[in-house]
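Let's start with one chain on its own, the form predicted on its own, as structure tokens.
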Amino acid sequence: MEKEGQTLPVRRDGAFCYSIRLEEDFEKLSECVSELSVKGRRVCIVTDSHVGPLYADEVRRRLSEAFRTVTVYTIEAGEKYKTLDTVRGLYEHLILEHFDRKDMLAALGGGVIGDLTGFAAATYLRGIGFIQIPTTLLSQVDSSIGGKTGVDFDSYKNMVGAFHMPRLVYMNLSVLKTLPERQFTSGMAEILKHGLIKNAEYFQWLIDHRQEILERRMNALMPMILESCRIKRDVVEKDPTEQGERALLNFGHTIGHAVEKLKDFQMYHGECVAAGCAAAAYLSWKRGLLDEAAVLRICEALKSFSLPVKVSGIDPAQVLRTTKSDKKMDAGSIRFILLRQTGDAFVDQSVTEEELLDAINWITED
């Protein structure tokens, strides 16, 4: 893979919208941001108490080469701080620092920071620009791409949000070297999901290159993240506001989000999605779409990356009830994502409560 990195353009309605830039360091961050015509403007780096001490100083230094003023706003790390109260504190900071509509925010962190910063950017002064600088595998291949922003409301994930496209997504893949193992594993769930819904050959490539991926070798990380970003980019371009095909990206998420809430966020998002993917594969088999061997292969692939396919300590009936509060409901029915085969997903609105409960029971069996 070329040392100079990779660039993926993202379009909306056929017109260029923003770039996804994959690099091995922060060296070209200022150059990329300068292309956005930000000279003389302010930027606020929004980060958290885990990421800030590692990267905020360097990112501040890089952005100072492009912006007139750079401030840093740090929140406590963790999903429980992804709330309207946290956004309120950020609003106050922006007001006191006199940020106007031509100034920007920069999200430096994982999915929580990206979602929260994007939501603040979408709503402060009715919308200002922002850039994504994702530092986790999950945020690099998923939440930083596509413009979905939001915060949680009373433990219901992303129930308050907006569609607001970033001006740039800049990924420094070397930050993955310091990512805790469990967070890296969590990101692999979304990557495996991309193969399951859109690219069977990519799914097999991930299995074949498992060792290099787990060792975080750059010659495996760069093509892996590039392909996952390309898959998500292609889906988002066709359906930017989730009216149709973009729902495919929710494979594993309906049950996964319910598990995540009921486990009080003690399980990571990707771990819950992995269990949800296993449940969706099982349901696809029960529908006569996948054969049993395909379901076992999917589950073995998930487990080979240390992802769970079973969940303990929760009541299946309660999981079913929680799925009905999911934002993916449509006129009282759940838009559930099934597989015709590996690499070929589709949206189904005919899944019954009995079928869902059967799948939930399957992943909660001891």
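One-based numbering along the sequence shown. As the structure is a prediction and not an experimental result, all values here were calculated from the model.
Separately, the form predicted in complex with a small molecule exists; it is not shown, and the next lines address it.
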property	result
Interface stretch in the model of the complex with the small molecule - options 42 to 50, 60 to 68, 337 to 345, 304 to 312, non-hydrogen atom within 4.5 Å	42 to 50
Proximity to the small molecule in the model of the complex, single hit among 294, 160, 175, 267 (heavy atom within 4.5 Å)	175
Interface residue in the model of the complex among 127, 244, 180, 89, criterion: non-hydrogen atom within 4.5 angstroms of the small molecule	180
Contact label in the model of the complex: residue 110 to the small molecule, heavy atom within 4.5 Å	yes
Close approach of residue 317 to the small molecule in the model of the complex, 4.5 Å, heavy atom	no
Contact of residue 275 with the small molecule in the model of the complex (heavy atom, 4.5 Å)	no
Contact test in the model of the complex: residue 142 vs the small molecule, heavy atoms, 4.5 Å	yes
